[in-house]
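Below you'll find only one chain, the form predicted alone, shown as structure tokens.
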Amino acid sequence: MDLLLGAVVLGVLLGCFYAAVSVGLSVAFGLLDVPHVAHPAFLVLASYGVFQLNESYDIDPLLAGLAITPLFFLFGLLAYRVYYETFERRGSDAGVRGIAFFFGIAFIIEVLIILQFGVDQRSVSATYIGKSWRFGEFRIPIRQLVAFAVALALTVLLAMYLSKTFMGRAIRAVAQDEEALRLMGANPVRIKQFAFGIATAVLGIAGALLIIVAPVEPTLDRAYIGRTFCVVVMAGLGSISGTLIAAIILGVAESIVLTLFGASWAPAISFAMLLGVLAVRPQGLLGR
């Protein structure tokens, strides 16, 4: 019983971390309808940026994540503009060709990381990494608690931004009726470009959390494709609060399976849950 309770607690912490690495995709794929399969590759790229700053200047990983956030915002603006001008602007087959486009970007990012850093795992150093707190019979790594707190704050702040600010409401409006927004004098393309920049910028922090939780290697993005898309689809497309709930469900499920059946079964959980949600409730937990 204690073992199962410990798995649930660690699963909640892991789930909040999954929410942080998925909220950007929830905006890009859920609200903007962009088939952003390179999202996990962007995440790993951010982790290597954090590693470089930590290794070269001994900057705390979280501060390094904040430092690269503006660069990732600009990167997102550029990536969406290229995607729009090359595919989306040309018509209805943008979806399939867009998937190929982002797969190509993911592959290029992976190759560039290998050329620059090699294939070995990379990790960061910080005072809270390697230590743990004891709560009764449980021992919880402090880095998991740090990732939990930062991930929860990031998800809540993004949800508030999208619901409380003018630009946030404009992003939701362009997702619901782009043509109506155009008739009101707004520029939907610029709004979507800005939203994609936001979706990419949050990966600066998420990438920092990724390398805080565990070492990273160039092909780690493949392990997160299933997890991130599972969370976004299970949440309901574009639902940030649903993303947090779905991520916690996935984290707890993975943690319990890992505890009871071993590590080899855990990666299959996300795909199994994704297929189950698509079969039973295609609109997701909080989708309409």
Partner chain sequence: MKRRTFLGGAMAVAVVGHGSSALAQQPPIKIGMSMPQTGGLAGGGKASLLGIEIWRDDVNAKGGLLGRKIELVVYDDKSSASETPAIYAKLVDVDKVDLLFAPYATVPTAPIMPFVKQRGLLLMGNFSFQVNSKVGHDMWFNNAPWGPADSWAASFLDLAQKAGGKNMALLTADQEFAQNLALTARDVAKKRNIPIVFDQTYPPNTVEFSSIIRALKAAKPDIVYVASYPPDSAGILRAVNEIGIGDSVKIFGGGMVGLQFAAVMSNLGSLLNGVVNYNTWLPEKSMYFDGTKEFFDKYTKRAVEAKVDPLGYYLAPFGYAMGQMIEAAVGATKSLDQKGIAKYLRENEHKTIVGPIAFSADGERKETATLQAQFRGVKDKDIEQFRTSGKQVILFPDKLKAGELISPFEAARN
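Under this definition, the rigid core comprises the largest set of C-alpha atoms superposing within 1.5 Å between the forms. Keep in mind that what you see is a predicted model, and the values were worked out from it rather than measured. Positions refer to the first chain, counted from 1.
What follows is about the form predicted together with its partner chain, which we do not show.
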{"query": "L10, E55 and S132 each touching its partner chain in the model of the complex (heavy atom, 4.5 Å)", "finding": "yes"}
{"query": "Exercise: L183 in contact with its partner chain in the model of the complex, heavy atom 4.5 Å", "finding": "no"}
{"query": "Heavy atom of T165 within 4.5 Å of its partner chain in the model of the complex", "finding": "no"}
{"query": "Heavy atom of T127 within 4.5 Å of its partner chain in the model of the complex", "finding": "no"}
{"query": "Proximity of I114 to its partner chain in the model of the complex, heavy atoms at 4.5 Å", "finding": "yes"}
{"query": "Interface segment, criterion being heavy atoms within 4.5 Å of its partner chain in the model of the complex, picked from 165-173, 118-126, 74-82, 190-198", "finding": "118-126"}
{"query": "Residues from 3-25 in contact with its partner chain (non-hydrogen atom within 4.5 Å) in the model of the complex", "finding": "L3, G6, L10, L14, F17, Y18"}
{"query": "Core-superposed C-alpha of L66 shifting 2 Å or more between this form and the one not shown", "finding": "no"}
{"query": "Threshold 2 Å Cα movement between this form and the one not shown at L10, rigid core reference", "finding": "no"}
{"query": "Core-aligned C-alpha movement of A223 between this form and the one not shown reaching 2 Å", "finding": "no"}
